[in-house]
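One chain comes next, on its own, written out as structure tokens in the form predicted alone.
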Amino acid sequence: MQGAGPLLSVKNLYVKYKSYWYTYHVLDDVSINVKLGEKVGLIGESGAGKTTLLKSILRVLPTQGKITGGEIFYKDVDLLRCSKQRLLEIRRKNVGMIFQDPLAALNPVFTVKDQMLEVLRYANERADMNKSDLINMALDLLRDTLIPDPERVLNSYPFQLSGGMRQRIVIAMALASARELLLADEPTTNIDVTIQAQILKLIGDLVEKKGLSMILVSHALGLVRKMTDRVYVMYGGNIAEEAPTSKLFNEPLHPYMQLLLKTAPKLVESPLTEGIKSIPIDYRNPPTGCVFHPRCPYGDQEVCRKVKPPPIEVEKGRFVRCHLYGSGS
């Protein structure tokens, strides 16, 4: 059940990456919020800034990444200005993250047991908790993710397990600390297509069972449509559109979202689509005006090339950054 106030609020966030030669302006004035019990989708092409946004929330950007402006509030805690101890406490007890690559998220030289117990010790600071308690908790988490023979899996090394099994372990470890919010960053990347839907359904079922809020990043638009209450569409480090899930998929407003749906693979027989013309933006030198205008079928207008569109509320709870919906349109 959704609460009235936001559990998570990101306001006007700016993030850049610096390399030896260049500065990449990856997030540009990004704002999102998640209510208690709400499932939010985050979609867009690869390189849109989705992973950077999730890592910014947990403050786990790589060393070359820097937050240069904005606010991130978890309830009433300012995550960009709170103490390191308070931030670690929120990571331990409130927010968990499923990273894209399960093989990279697991250490190949330690057993699943060693790694899960370490996570559980980190997430549970109880003096009376011994190793036997932790093992039982680990087994319960593995059972929650529908892993068969959890005792054998617990004593295995990651390389001895399939990609789908490793992903379930990563989900189980994220759930150890995700007591309020789960960040799922493309959780089916590098997994056999035959079990991708199973993994996402498992995540959805566990989120419902545990009463969690969730941000789901995925390219599987059909599953995002099924699993979320509200969706943000990202392009070029900007939020192009925000809407309740059903309205977004039934009546997309932004030309980018319209093209995403038009070019998405279909199960029924249909002609091959050409995809969205041109290439995604270069973050070293992003376009002036609307960042999507070089690829937009309506982007040849002067206002599109020169003026960045503000977020326009077309109806309650629905926003779009596009001059087609501005004043006088």
Partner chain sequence: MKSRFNVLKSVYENTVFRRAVLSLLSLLGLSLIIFTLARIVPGDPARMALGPRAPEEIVQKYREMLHLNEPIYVQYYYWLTNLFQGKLGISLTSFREVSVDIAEFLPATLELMLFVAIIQIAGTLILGTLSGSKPGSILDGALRVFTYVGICVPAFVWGLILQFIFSYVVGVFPATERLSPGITVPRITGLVTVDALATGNFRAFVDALWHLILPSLALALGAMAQEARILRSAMVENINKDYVLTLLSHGIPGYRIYFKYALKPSVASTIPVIGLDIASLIANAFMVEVIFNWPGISKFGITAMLKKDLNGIVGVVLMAGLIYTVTNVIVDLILTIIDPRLRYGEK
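From a predicted model like this one, the values you see are computed outputs, not experimental measurements. Positions refer to the first chain, counted from 1.
What follows is about the form predicted in complex with the partner chain, which we do not show.
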Discussion item. Considering non-hydrogen atoms and a 4.5 Å limit, does the partner chain approach E118 in the predicted complex?
Written reply: yes
Discussion item. Since only the chain is shown here, I'm wondering whether L146 would be in contact with the partner chain in the predicted complex (any heavy atom pair within 4.5 Å).
Written reply: no
Discussion item. Can you tell me whether P297 touches the partner chain? I mean in the predicted complex, with a 4.5 angstroms heavy atom cut-off.
Written reply: no
Item to complete: Could you confirm whether P108 comes within 4.5 Å of the partner chain in the predicted complex, counting heavy atoms only?
Response: yes
Item to complete: Could you tell me which of 232-240, 152-160, 136-144, 209-217 sits within 4.5 Å of the partner chain in the predicted complex, going by non-hydrogen atoms?
Response: 152-160
Worksheet, complete the sentence: Assert contact residue (the partner chain, in the predicted complex, non-hydrogen atom within 4.5 Å, options R86, K247, R225, R92) equals R92
Worksheet item: Among Q64, N285, T263, S46, which has any heavy atom within 4.5 Å of the partner chain in the predicted complex?
Response: Q64
Discussion item. Each of F292, V314 and F319 within 4.5 Å of the partner chain in the predicted complex, by any heavy atom, yes or no?
Written reply: no
Worksheet item: Though the partner is not shown here, which residues of 40-60 have a heavy atom within 4.5 Å of the partner chain in the predicted complex?
Response: K55, L58, V60
